[in-house]
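Next up: just one chain, as structure tokens, the form predicted alone.
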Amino acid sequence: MKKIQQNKIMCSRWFQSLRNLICKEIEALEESSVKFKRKKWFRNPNGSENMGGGEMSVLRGDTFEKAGVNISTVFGSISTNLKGKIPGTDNYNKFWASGISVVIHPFSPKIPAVHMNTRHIITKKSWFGGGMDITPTDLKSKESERIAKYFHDNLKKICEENKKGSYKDYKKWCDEYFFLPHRNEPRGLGGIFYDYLNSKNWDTDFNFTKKVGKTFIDSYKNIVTRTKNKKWNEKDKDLQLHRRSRYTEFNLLHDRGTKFGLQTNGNIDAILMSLPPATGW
């Protein structure tokens, strides 16, 4: 029991420190003097047993039209409609979850939008999950293909270092997950997605999850540096708004995090932080 409590503390502190790092790096890339605005929220307004909370960090600038970095640690009772649908809840109704969620929508259509999240969940079972994916405006351009290759090469390195053959599995999982079945098209150019990670070595799984977070910000920082000064036109902007509409559709219709947040009475602004600032159909 003591070890589990220590693990919870280590996780929640890591997500907080990763949030600080990501916000610092994004602010350094932002061409205006705008900084992230932080807002705490709490999950126990009426004295219920569903407790915990989190902190939203949102930046609206010139380089990044909207960048959101959210952290949360929530716990309490599983709702009736979730019981049995989450591992370890068939005959157990308590849960603890901590994680970080990042979604960045740049102003320039030449800079890809990006998403990353990692989490640790404990019920009667425990596991890590998360991933990231990249969404350039033009999915078919040579430049987007080069960016995606760089992004995937970095992900493949950390996956294979952790477990041989895992990159192929996590990439496939991502491709299948970030897909819009109602349009029969992918959301972007993929990345990795993993869930229910429990190798029986907690430290190994935690260290991999930490590497996912570090690799995300290191990779994206380099991508933004390479693309932020590229010229674009109104046609590019129109395509960006179109791509954002697909992003919105996925997050409202299919995203697990959105559904989990709504079904566990999370903060609605934090849950919908991922939505772009402007879009078009």
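Note that residue numbering follows the sequence shown and begins at 1. From a predicted model like this one, the values you see are computed outputs, not experimental measurements.
Below, we turn to the form predicted in complex with a further copy of the same chain, even though it does not appear here.
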Query raised in the report: Within 4.5 Å of a further copy of the same chain in the model of the complex, do we find a heavy atom from each of Glu249, Leu262 and Leu272?
Result: yes
Requested in this report: May I ask you to state whether His182 is within 4.5 Å of a further copy of the same chain in the model of the complex, using heavy atom distances?
Outcome: yes
Query raised in the report: Counting only non-hydrogen atoms and a 4.5 angstroms cut-off, does Ala28 reach a further copy of the same chain in the model of the complex?
Result: no
Query - Heavy atom of Lys39 within 4.5 Å of a further copy of the same chain in the model of the complex - result: no
Query raised in the report: Is there a heavy atom of Ile268 no more than 4.5 Å from a heavy atom of a further copy of the same chain in the model of the complex?
Result: yes
Query raised in the report: Looking at 232 to 240, 219 to 227, 250 to 258, 28 to 36, which lies within 4.5 angstroms of a further copy of the same chain in the model of the complex, counting heavy atoms?
Result: 250 to 258
Report task. Could you run down 60 to 96 and flag each residue that has a heavy atom within 4.5 Å of a further copy of the same chain in the model of the complex? Result -> Arg60, Lys66
